[in-house]
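Below, in structure tokens: the form predicted alone, a single chain.
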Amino acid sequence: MQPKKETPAPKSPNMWDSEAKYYSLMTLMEVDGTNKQLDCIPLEPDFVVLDCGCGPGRVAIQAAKRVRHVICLDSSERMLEECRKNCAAAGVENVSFVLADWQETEIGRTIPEVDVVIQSRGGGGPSTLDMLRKAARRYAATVMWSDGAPCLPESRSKIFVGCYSEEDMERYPELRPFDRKRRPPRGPGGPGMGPRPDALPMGGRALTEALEAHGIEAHVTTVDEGWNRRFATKEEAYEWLLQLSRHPELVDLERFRANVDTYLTPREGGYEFFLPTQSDVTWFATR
């Protein structure tokens, strides 16, 4: 009698797949800020870099212009698709793409050892010091929002605040303005993960204290940055930024335009959109 074949369990949907389009658009407004962040990390032309939780390629594209090769790793197929498209559009070719979960990555099998691991805004989830030391022969770096600085969902909320009716927000709760208080607290292992008592904090003073406890010197720089993009006209700005809405057909356009105008400044030949943010860049030697 032949053993019964087990049907593989259906693959759980990746929460980031539905966000890929919007994060890709936001990436296009963070080029200047991303380069300011990378200026704080000791990158050399012959380095191989792992962009852990690469998303749509915000860090990977700019890092690839500075180093020999960048490995773009993400567990979301849609995010990796956007990363491929954005790298191609930017003319960046010294990149490779790996669909994998950082928490399950095997150095030497899933990815090779690299010179630098960069985790931007929690990309890939929490790491242990052991993981980083195995992966990076030189440095590990994190980029996290500074205390109180608006994250991407909060910045998007600023553009659409007051633009949806209560009825629409009841039907589509994702349209409600991002509120950190409504989000469940992040445990040591991150959302949906078991406890990881050996995991390093994702950033801030907690990370530097954890590194100090291991006798590791952390280098921390706070970077003033923001979303910025040039537009020929206000109408072009409105049309482009409206793409960030999950339901553009429900947007109160008058309120939306007033919100956008808050961040538009007349410049020669058009307008500049700038929404300020701030990040802390931390790096340390792994070996």
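Because the structure is a prediction, the values reported are computed rather than measured. The first residue of the sequence shown is number 1, and the count goes up from there.
The same protein also exists as the form predicted together with a small molecule; that form is not shown, yet it is the one meant from here on.
*Asks:* If the cut-off is 4.5 angstroms on heavy atoms, which of these, Ser157, Thr208, Asn86, Gln103, is the one near the small molecule in the model of the complex?
*Replies:* The option sitting close enough to the partner is Gln103.
*Asks:* Is Cys54 a contact residue for the small molecule in the model of the complex, using a 4.5 Å heavy atom cut-off?
*Replies:* Output for Cys54 is yes: heavy atoms within 4.5 Å of the small molecule.
*Asks:* At the 4.5 Å heavy atom threshold, is Leu73 in contact with the small molecule in the model of the complex?
*Replies:* Yes, Leu73 sits close enough to the small molecule in the model of the complex that at least one of its heavy atoms falls within 4.5 Å.
*Asks:* According to a 4.5 angstroms non-hydrogen atom cut-off, is Arg138 in contact with the small molecule in the model of the complex?
*Replies:* So Arg138 does not count as contacting the small molecule.
*Asks:* Quick one: is Arg121 in contact with the small molecule in the model of the complex, heavy atoms, 4.5 Å cut-off?
*Replies:* Yes.
*Asks:* Exactly one stretch in 197-205, 173-181, 113-121, 210-218 has heavy atoms within 4.5 Å of the small molecule in the model of the complex; which is it?
*Replies:* It is the stretch 113-121.
*Asks:* Assess the spot marked by Trp16, Tyr23 and Arg58: is the small molecule within 4.5 Å of a heavy atom from every one of these residues in the model of the complex?
*Replies:* Answer is yes for this spot.
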